[in-house]
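Quick setup: one chain, the form predicted alone, written in structure tokens, and binding and motion questions come after.
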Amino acid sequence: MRKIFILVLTSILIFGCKTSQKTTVKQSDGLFSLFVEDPNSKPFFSDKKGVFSDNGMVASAHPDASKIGVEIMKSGGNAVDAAVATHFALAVAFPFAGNLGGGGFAVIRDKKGNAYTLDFREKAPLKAHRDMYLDAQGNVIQGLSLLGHLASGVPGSVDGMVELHKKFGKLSWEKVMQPSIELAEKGVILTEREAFGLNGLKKTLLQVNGENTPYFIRKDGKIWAKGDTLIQSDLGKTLRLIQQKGRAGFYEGTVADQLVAEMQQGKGIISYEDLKLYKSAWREPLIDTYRGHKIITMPPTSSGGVALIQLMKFVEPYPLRKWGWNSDSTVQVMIEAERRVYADRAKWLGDIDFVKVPIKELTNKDYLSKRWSDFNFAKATDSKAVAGGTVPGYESNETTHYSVVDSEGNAVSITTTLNGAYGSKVVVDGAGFLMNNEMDDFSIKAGVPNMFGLIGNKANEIQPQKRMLSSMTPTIVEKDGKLFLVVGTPGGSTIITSVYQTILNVIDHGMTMQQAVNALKFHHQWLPDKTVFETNAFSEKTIKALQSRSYNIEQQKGTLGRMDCIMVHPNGKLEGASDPRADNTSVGW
């Protein structure tokens, strides 16, 4: 079939386009130039439309959480107040990944353009050690770092929210906390997806917590259904203690007693001392540029920011817009960039409080040029031949994201996680919250992949009080010195590539925010050496072209990414874009 280009208006998605002729219409933010080989192809997951507002926007994984964030802004709060309220609401409404027992990262840009980043990633307990998940023969004990009490790191979410509010909050802590308390006590109306998730959780929940656990299981023995109300009284009590006492309401007193008792009865190793010592860390933001746009992103302990900057610098010399969205040439350079970046991630990235991470060297154009020197359009690079790069003079999923912008232009991008779905499946008895299984994000044995297939080495080995490496990539983008995009997603190892593609969809391909979120995605992470793609993300011609160059292409059974993003349009309008792949919802006012 002959190639055609379709240029569409901002408000028009191109589903089921029947035209076979070139069409050009004006768009407020530039032109969406989409390379399509089949005029009946559907490059978007759905035709979901963006949400527009003038005063503020919250994009999160759950409608109740987004609504609560907006209500906080309506009552006089700023973007940080709204973000904190949204976080605690997600801990109630979205137990799949929202949490008190996990951790995450925050990127903040205030109305004056100043940028800040907060690392509230979990830490390894004091009793943790390098070989804690290995048997006597040095082999990995399967499941030990994923399920049960020993899988949990020391939670950072509550400390992180306290720190954010202390530095930037406008409303009182009590007022910001109140909506999530009411949500826990009055109950959350389950969606079909949430009911399905809780029903699937039941067997493992009973296995880990005992046959008499009262959490997330209906008292009448029936299965959950859409429209049922999930009331979480114990979680409400925990939230009230946090409301009354701040950080001490979680890391000391009743909740600390409950958490430590839970660990002791389940042979976990988190102690009172671990809780006392935990502190979030303010980090220097990682800032760079891409095609004239300022990229503000997260430094280590997240690997996401370094990887995102590397990816963008690898492809910046190429005319992606001219080649077109997901054309064979565009996809090829993006895959090859991903291959090299994930190899560097495995070798160099870790907790900067414990290891020296050569951030400047890894994002240096000369270094990246050398890493790219073996690229060949004629044939795929063999991942077995790609190792982490050499830095001269240097010695050696499930997650949730939310974006918030207020009427003054303050912006917050936060990604937070329990790691796997519902974390370690451990519910702290009496406190009502799930613990993380974040210890699996360490390199539990050099060269052995974690649950997301990611390889790690010495830089990310387990040490007491060390933060485990993450792929979370909360990011804010400026255009012409003004706030432009607030982006992020869950998805384990696919977080980095999903954020990468979403930003490129806007900057290179002229998509609106919602189009960029809806757009079908692909992923490559060095090892295993294959590219997975969502159904219809690649045309048959693109697939054949890549396969002819020795690329291993595999259609993804599920979906990639669950973006929650915000775009500021030239007229000041905010466009909230939440992923159609789940119940994600943007709410504006």
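Residue positions are given as counts along the sequence shown, with the first one as 1. This structure is a prediction, so every number in the text was calculated from the model and none was measured.
Not on display, but discussed next: the form predicted in complex with a small molecule.
- When you look in the predicted bound form, the only residue of Phe452, Trp323, Tyr290, Phe168 with a non-hydrogen atom within 4.5 Å of the small molecule is Phe452.
- The contact with the small molecule in the predicted bound form, taken as any heavy atom within 4.5 Å, belongs to Ser470 out of Ser157, Ser470, Thr297, Ser152.
- Proximity of His87 to the small molecule in the predicted bound form: non-hydrogen atoms within 4.5 Å are absent; the residue sits far from the partner.
- Taking non-hydrogen atoms only, Thr417 approaches the small molecule to within 4.5 angstroms in the predicted bound form.
- The shortest heavy atom separation between Pro125 and the small molecule in the predicted bound form exceeds 4.5 Å.
- Contact check for Pro490: a non-hydrogen atom falls within 4.5 Å of the small molecule in the predicted bound form.
- Listed stretches are 507 to 515, 132 to 140, 176 to 184, 491 to 499; the contact stretch with the small molecule in the predicted bound form is 491 to 499, by a heavy atom cutoff of 4.5 Å.
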